[in-house]
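First come two forms of one protein chain, each written alone as C-alpha cells, so that there is a structure 1 and a structure 2.
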Structure 1
C-alpha cells in the first residue's frame, strides 16, 4: 500500500489517479488547508476505484502513528506542505513547522514501522540565480532567500541523513520546476483560490473572477523583459514519480538516495504563455503589470538529462496541450 500525504492537492490528486491506474492500492491523508474534500470523490470517479481517505495533519504524531499501525504501508509519496514563495516571507514559522517538522514526524514513523521507500516533492526554488543555466542536480546548494525554499533544502538534508542512518530506507527526491495543466477530465486541477501563479491567474480571469491577470514584473533581464520559467504538464510530472518508484524498486544499492529534476527542459516567458492562451482562444487577454515579488528570479529552466538517462523519462506534452488541458478548469 502507498501512503499519499497531501493526496487531495493539485499534484497529490493526479498522482493518486495514476497510481490507481497502475494497479497500486493507496491511502490518502490530507488536512485540507489548501485542498477540497470533494477531490477525493473525483479521484474515485476517474479511477473507478474506492480510496481510503483520512483527515490528518502530518504534524499530528498520534494520529499518524495510528495510520501506520493500522495499514500495511510500504511506500510514501510525500506531497503535503505549504508551497507559496511570497506567502512564506509573511508566515515563515508556518512553513518551518508544517514542512520541516511535519516531514520529521513522518520519517520517524516510517523508521518505526520499517516503511522503506519515500518519494519527496522538492522544488527548483532550492537553486538560485548564482548558478549557471540550465540548472542540474549537482549544483552545490546554498541557503535560499525564501522560507519555502529553505524548508525544501532542510528536508532534503533531513532525508539524506535518515537514509545514511537507516540503510533500509530508499529516498527519491524530485525537484519540480513549474507544474501546470490539469487532468483531461477537468475534474482535478490546480486550486486557483489562493494562488497568484500565472496559470491559475489566467483561469480566474477567464472565469470572470478577477478583472485582469496580474503579471509581476516586466523588467527582468530576459529576452522580452518578462520572467522565464520551465513549465511542465502535471501528467508528465506525475509520470516522473511512477518512474522514480520503479527505479527504487529495481535498484538495491548500498546508498539509496537519488535526486532528479523534473521539468520540460525549456524556458518560456510569461508573455509567451499569455500569447499561447490568446492564440488558442482567439481573443486578447487583459493583464496588468505589478511590481516584482520578493524572491522571484528572472529566469530558470531545468537540465533533465539525468531523469532521461536514469529513469527513462521524457516529458511529452506540448505547450499547446498544456494550454488546452488548463482550459478544462474553466467553469461552464
Structure 2
C-alpha cells in the first residue's frame, strides 16, 4: 500500500488517480489546509475505486503512528506541505514547522515501521540563484532566500542523512519546475483561491474573478523581455513519480538515494503562454504590465536528461494540450 501525504492537493490528487489506474492500493492523509474534502470523492469517481482517506496533520505523531500501525504501508509519496514562496516570507515559522518538522515526524515513523520507500516533492526554487542554464541536478545548492526554498533544501539534506543512516531506506527526490494543467475531467486541479501563480491567475481572469491579468515585468533579459519558465503538464510530472517508483523497485538491492529534475526542458515566456490561451480561445486576453515581483528571476528551465536517461521518462504533453487541459478548470 502507498501512503499519499497531501493526497487531496493539486499534485497529490492527480498522483492518486494515476496510482489507482496503475493498480496500486493507496491511502490518503491530508489536513485540508489547502484542499477540499470533496476532492476525495472526485478521485474515487475518476478512478472508479474506493480510497481510504484519513484527516491528519503530518505533525500529529500519535495519529500518524496509528495510521502506520493499522495499515501495511510500503511506500510514501510525500506531497503534504506549504508551497507559496511569497507566503513563506510572511509566515516562515509555519513553513519550517509543516515542511521540515512534518517530514521529520514522517521519516521517524517510516523508520519505526520499516517503510522503505519515499518519493519527495522538491522544487526548482532550491537552485534559485544559479544563472547558468539549463538547471541540472549537479548544481551545488546554497542557502536560498525564501523560507519555502530553505525548507526544501533542509528536507533534501534530512532525507539524505536518513538514507545514509538507515540502509533499508530508499529515497527519490523529484525537483519540480512549474507544474500546470489538470486532469481532463476538470474534477481535480489547482486550488486557484489561494494561488497567485500564472496559470491560476489566467483561469481567474477567464472566470471573470479579476478584471485583467497582471504581467510582472516585460524588461527581463530574455528573448522577448517577458519572464521565462519551464511549464510541465501535471500528468507528465506524475508519470515521473511512477517511473521513479519503478526505478527503485527495479534497483531495490543497490538503490539508496537520488535526485531528478522534472520539467519539460523548454523555457516559455509569459507572453507565449498568454498567446497560447488567446489562440485556443480565439480571443484577446486583457493584461496589464506591472513591476517585477520581488525575487523573480528572468528565466530558467530544466535539464531533464538525467530523468530521461535513468528513469526512461519523457514528458509528452504539448503547450496546446497544457492550455486545453487548464481550461477544464473554468467555471461554467
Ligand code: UD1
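Residue numbers count along the first chain shown, from 1. Just so we're on the same page, rigid core means the largest C-alpha set that superposes within 1.5 Å between forms. Predicted model only: the values in this text are computed from it and were never measured.
> Of structures 1 and 2, which one represents the form predicted in complex with this ligand?
Structure 2 is the matching one, since it is the form predicted in complex with this ligand.
> For residue 131, decide whether the Cα shift between structure 1 and structure 2 is 2 Å or greater, given a superposition on the rigid core.
Yes, the C-alpha position differs by at least 2 Å between structure 1 and structure 2.
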